[in-house]
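The chain below stands alone, shown as structure tokens; this is the form predicted on its own.
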Amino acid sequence: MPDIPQTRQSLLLELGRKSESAWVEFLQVYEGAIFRMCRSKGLQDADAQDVTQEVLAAVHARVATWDSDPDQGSFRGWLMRVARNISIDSVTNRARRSAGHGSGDSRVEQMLNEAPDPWQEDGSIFDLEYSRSMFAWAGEAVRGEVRSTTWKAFQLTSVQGLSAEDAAAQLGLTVGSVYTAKCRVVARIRAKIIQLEGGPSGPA
């Protein structure tokens, strides 16, 4: 998988200033990624929702303190640490509630020792979910910028896996038109992602 570009510095700066529009943009990209990663690490739906909201609240409160110095690590690395700590707290609290009150209870200690750390692995899963969220966000943005037949050609070939020939027959287009439509949408999606990440958008 190609390297994931760094989160746009201007977006993080605006988050630190509590910009509402920056926060909306952040949620569009990150909320789904955090939730799906929580689910993939074994948390139930309700618990994953709770952890996701706690992570987002923590980011909102602490993002201004994040150090952009490369020696201190990436923003997503910092986000992973916040999510991991909150997730572990959630598992710990559930174990204590299930075993009854009293931290000295041997049953509680046993449950805590046996409780899996859902964030034990590295951030590869988060990077994957982040990429998916970025692609979905960019795709929705591009969808409103192209003709419906162009979007359908992209959907049929890139998402549903149809051949260009089958997509052309279904849409009443030439095979060449399907290829052109697919390439146009893919280029626009890539440009949107680069633009979000702070690089030059290039030709759309």
Partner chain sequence: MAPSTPCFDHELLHSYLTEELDESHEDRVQEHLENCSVCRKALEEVAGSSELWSEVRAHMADIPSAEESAPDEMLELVALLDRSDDPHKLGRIGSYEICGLIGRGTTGLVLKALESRLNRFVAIKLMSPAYQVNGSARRRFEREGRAVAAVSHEHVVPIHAVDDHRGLPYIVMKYIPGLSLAQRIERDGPLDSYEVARVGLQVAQGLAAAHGQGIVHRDVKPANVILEDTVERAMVTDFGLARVADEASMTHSGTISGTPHYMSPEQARGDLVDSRSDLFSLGSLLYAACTGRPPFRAENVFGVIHRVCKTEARSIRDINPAIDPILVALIEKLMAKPPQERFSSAETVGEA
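Remember, it's a predicted structure, so these values are computed and weren't measured experimentally. Residue numbers count along the first chain shown, from 1.
The same protein also has a form predicted in complex with its partner chain, omitted here; what follows describes it.
Trainee: Please run the contact check for residue 81 against its partner chain in the model of the complex: heavy atoms, 4.5 angstroms, yes or no?
Mentor: Looking in the model of the complex, residue contacts with its partner chain do not include residue 81, since no heavy atom lies within 4.5 Å.
Trainee: Would you check, heavy atoms only and a 4.5 Å threshold, whether residue 147 touches its partner chain in the model of the complex?
Mentor: Within the cut-off, so yes.
Trainee: Answer yes if any heavy atom of residue 39 is within 4.5 Å of a heavy atom of its partner chain in the model of the complex; otherwise answer no.
Mentor: No, residue 39 is distant from the partner.
Trainee: Any of the heavy atoms of residue 192 lying within 4.5 Å of its partner chain in the model of the complex?
Mentor: Taking the distances in the model of the complex, the answer for residue 192 is no, it never comes within 4.5 Å of its partner chain.
Trainee: Would you point out which of 41-49, 54-62, 147-155, 23-31 contains residues with a non-hydrogen atom within 4.5 Å of its partner chain in the model of the complex?
Mentor: One stretch meets the cut-off, namely 147-155.
Trainee: Is any part of 180-195 within 4.5 angstroms of its partner chain in the model of the complex by a non-hydrogen atom, and which residues would that be?
Mentor: Contacts from 180-195: 180, 182, 183, 184, 186, 187, 188, 189, 190.
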